[in-house]
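Before any questions on binding or motion, here is one chain by itself as structure tokens, the form predicted alone.
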């Protein structure tokens, strides 16, 4: 499986010369499966550029939305395949008793926020609640579970042959508590991420920034690493960068995370930080053993 990042920011796009290396687009990750089929995780502003990179004859497209905050759906209106009559697009997302997935997304893709309405899109688009059980797309197995974040929010576990990716871009498993002390049954997303080959996880704050942001739905560095260690992730990709964090700031955050991971007994090379256009291959090379905390 090949993973390619098209947007790694959280909250709001952050363009500018001081953001060039990590990029300013919001959440969007492309998975290329062993079958050659593509899965798209979230539809932040990064999906626009992704859309231009797709083969023009690609007809079937699957998009998995974690939740409907604007930074995760803002790119849908600018996704080129949406405007091709031959495109067949299936969009999965969290269910809500308040309204259907289509109705909730249509609040954004409608006047006065959009010049077009969902019903006017020329593509064949369907909106589906993510199933409560595992399902298959393109030969891979997908599981979705609710995770701790504001509003209905999912994390995804995608298994393709011998490779497993867990994608939880907006997540606050600690909620101000010590994750190292919690039983695994009380940790949001624990089973979803257990022993993933690659964990793509929220790391919006430094530990110094987190006080005052408890309950906002995002993780500080220490919680991200503790979560990765507790679940036994083989590699972790720090994701959902704060829009105020410049390239230099993120360099420092990455160094800090790698140092702390080493203090946990892990290989610092297991900790990466998401940057636009970065690619990671999963499954071809066995990953080293994960760092673990004593439980």
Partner chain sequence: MRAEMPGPQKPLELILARNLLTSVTTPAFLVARDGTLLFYNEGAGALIGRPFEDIGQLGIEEWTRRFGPFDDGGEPLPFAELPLTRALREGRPAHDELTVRSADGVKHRIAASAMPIVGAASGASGAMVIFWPVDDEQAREVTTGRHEVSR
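Worth saying up front: this structure is predicted, and the values here are computed from it rather than measured. Positions refer to the first chain, counted from 1.
One more form of this protein, predicted in complex with its partner chain, exists but is not displayed; see below.
Trainee: Taking its partner chain in the model of the complex, would 87, 104 and 129 all count as contacting it (heavy atom within 4.5 Å)?
Mentor: Contact check failed for every one of 87, 104 and 129.
Trainee: Please pick out the stretch from 169-177, 104-112, 200-208, 73-81 that is in contact with its partner chain in the model of the complex, where contact means heavy atoms within 4.5 Å.
Mentor: In short, 169-177.
Trainee: Using a 4.5 Å cut on heavy atoms, which of 31, 63, 257, 233 is close to its partner chain in the model of the complex?
Mentor: Contact residue from the list: 233.
Trainee: Identify, from the list 229, 49, 38, 246, the residue with a heavy atom within 4.5 Å of its partner chain in the model of the complex.
Mentor: Among 229, 49, 38, 246, a heavy atom within 4.5 Å of its partner chain in the model of the complex occurs only for 229.
Trainee: State yes or no: in the model of the complex, is some non-hydrogen atom of residue 190 no more than 4.5 angstroms from a non-hydrogen atom of its partner chain?
Mentor: Yes, residue 190 is a contact residue.
Trainee: How about residue 185: is it within 4.5 Å of its partner chain in the model of the complex, going by heavy atoms?
Mentor: The answer is yes: residue 185 has a heavy atom within 4.5 Å of its partner chain.
Trainee: Does residue 213 reach its partner chain in the model of the complex if we count a contact as any heavy atom within 4.5 Å?
Mentor: No, residue 213 stays farther than 4.5 Å from its partner chain in the model of the complex.
Trainee: Looking in the model of the complex, any heavy atom of residue 261 within 4.5 Å of its partner chain?
Mentor: It does: once its partner chain is placed as it appears in the model of the complex, residue 261 has a heavy atom within 4.5 Å of it.
Trainee: What are the residues of 95-124, in order along the chain, with a heavy atom within 4.5 Å of its partner chain in the model of the complex?
Mentor: Nothing in the stretch sits within 4.5 Å of the partner.
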